[in-house]
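For reference, the chain that follows is the form predicted on its own, supplied as structure tokens.
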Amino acid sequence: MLTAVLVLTVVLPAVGALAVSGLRPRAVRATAVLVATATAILGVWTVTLAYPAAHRVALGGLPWLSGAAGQGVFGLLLDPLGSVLLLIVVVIGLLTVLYSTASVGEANRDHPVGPEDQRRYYFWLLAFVASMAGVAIAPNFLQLLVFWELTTLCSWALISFYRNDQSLRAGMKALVMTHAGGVFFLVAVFVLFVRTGSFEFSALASLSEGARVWVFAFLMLASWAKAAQVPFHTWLPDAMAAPTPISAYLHAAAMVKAGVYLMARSVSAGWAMPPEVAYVCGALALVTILVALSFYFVQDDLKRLLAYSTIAHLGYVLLGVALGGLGSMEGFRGGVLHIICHGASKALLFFCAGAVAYATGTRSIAALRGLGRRMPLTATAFFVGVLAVTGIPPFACFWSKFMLFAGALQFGGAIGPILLVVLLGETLVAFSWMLYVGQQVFFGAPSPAAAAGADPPLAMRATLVLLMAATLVAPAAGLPLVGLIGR
């Protein structure tokens, strides 16, 4: 039964995407919510059924490949690592669809959307959910590559959704830069197959030392491009041209999370990451965190500020992966836990930014003052999101950052304390600046742009309330799963 439910978790949103493309506009939103709800229920159910063991099944092969390589090429794998990603994919996917039913419409002051565009929007959004679910349960590199590229296609279509010059340029930039990373992924799969005759994740440990360095390096480059790490980071802030629900899903559960998931999956497959690659991965993660932080102070667009915050937090995940490659299981588990904790927190912040833009027609921090009196729920949710994403206890990212800090201190000498000082410094500065921005937007006398401010419609308000709760629930869901990794 578990196999059938897992298959449905991917197939249902894919079929739903096809279904909405042929419906009348009035029926599109209801169908999308129904499909997303069923997918979320199936996804959570499968994680519950599989816990605490891993579930793996082969569904088909490629007979023309020689020997064992052709057997079991396609199938399903749900283990604790995949469960973490699957949970945020289906749950944040449902909340994105729910929020979109009110946000993506003609009443949006920032970007009105007519009924004729609803089918296109929900087709790509449900296809995105299906693709990310496929990434989460892929049993080997070849199948993961297929779904990986499907996420690239979906993100391009959704970033370009408004079809104006800005969104078309942003979509093309995201497509080119992330697909370039996909080329490195493809080369890594080729090398792995030629050297080992297998597409399995575990085949990484069978490579010679020199080949393993190259394959991990190619996978790391693919991950950097997908996860918008320095020097590939510039596409993600530009991708804020997308509708805000898409920005939330892109940052919280999809696309960029596929990038960090690739490295986490590669490292945990056999714990055979070459030390030199781990050091480069960790060093670039630190550079990315600091570079992203430096851009906070020059952002006037609320969504672009949150985009740079996402870049920094993806650096946290990759730092945890690097720590795992160097032998720190605590650091690795903290990095994986950060995937789900950051997902809930950042989705909340993006949906708050969307509510502000929906009501006022602007995302300019300089133009907004005094929204707290007119939008009390949105203001409350924003500050909860700030507490959660910066790691203030008992909210989500406190738990993952705590594990990352503990993992860093497992290293002797000066490395551990230096990492701790840098990460604590970033946390303090980010917390202070986010609070400052929140004060600028929500406190004080209302500005002219805030005159039309009001808390958003019911579907959007419900999403904010659910995500505030999720900032407390996410670590409770993730900790039992990450505790099983490496055992």
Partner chain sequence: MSHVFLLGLAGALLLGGAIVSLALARHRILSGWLAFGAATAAGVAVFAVVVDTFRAGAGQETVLLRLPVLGAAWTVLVDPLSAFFLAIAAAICVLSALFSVHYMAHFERDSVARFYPVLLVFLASVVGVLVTTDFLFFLVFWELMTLTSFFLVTFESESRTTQRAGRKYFIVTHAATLGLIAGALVLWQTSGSFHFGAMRDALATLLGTRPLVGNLVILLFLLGFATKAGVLPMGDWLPDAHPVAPSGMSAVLSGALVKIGIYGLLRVFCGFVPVAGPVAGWGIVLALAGTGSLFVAMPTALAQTDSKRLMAFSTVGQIGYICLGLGVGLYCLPDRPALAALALMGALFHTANHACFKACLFLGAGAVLYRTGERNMDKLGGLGGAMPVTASSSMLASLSIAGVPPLNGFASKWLILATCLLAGMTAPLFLVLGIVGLFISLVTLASFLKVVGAVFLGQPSEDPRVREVPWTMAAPQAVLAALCVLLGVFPQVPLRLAHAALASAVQIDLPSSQALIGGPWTLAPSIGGLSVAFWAPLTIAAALVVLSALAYGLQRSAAARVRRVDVWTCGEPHGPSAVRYPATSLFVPFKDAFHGIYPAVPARAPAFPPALRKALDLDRWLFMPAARAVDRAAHGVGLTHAGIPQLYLLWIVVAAAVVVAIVLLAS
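Positions refer to the first chain, counted from 1. Note that the structure is predicted; figures quoted are calculated from it, not measured.
We do not show the form predicted together with the partner chain, though everything after this point is about it.
- The partner is absent here; in the model of the complex, the one residue of 298, 194, 146, 107 having a heavy atom within 4.5 Å of the partner chain is 298.
- Here is the short version: of 214, 162, 271, 383, the single residue with a heavy atom within 4.5 Å of the partner chain in the model of the complex is 383.
- The candidate stretches are 397-405, 215-223, 135-143, 153-161, and the one lying within 4.5 Å of the partner chain in the model of the complex by heavy atoms is 397-405.
- Within this chain, residue 206 is remote from the site of the partner chain in the model of the complex, having no heavy atom within 4.5 Å.
- Within this chain, residue 449 is remote from the site of the partner chain in the model of the complex, having no heavy atom within 4.5 Å.
- Contact between residue 233 and the partner chain in the model of the complex is found at the 4.5 Å heavy atom cutoff.
- At least one heavy atom of residue 444 is located within 4.5 Å of the partner chain in the model of the complex.
- Taken together, 3, 21 and 117 are entirely out of contact with the partner chain in the model of the complex: none brings a heavy atom within 4.5 Å.
- Looking at 80-95, no residue comes within 4.5 Å of the partner chain in the model of the complex, counting any heavy atom.
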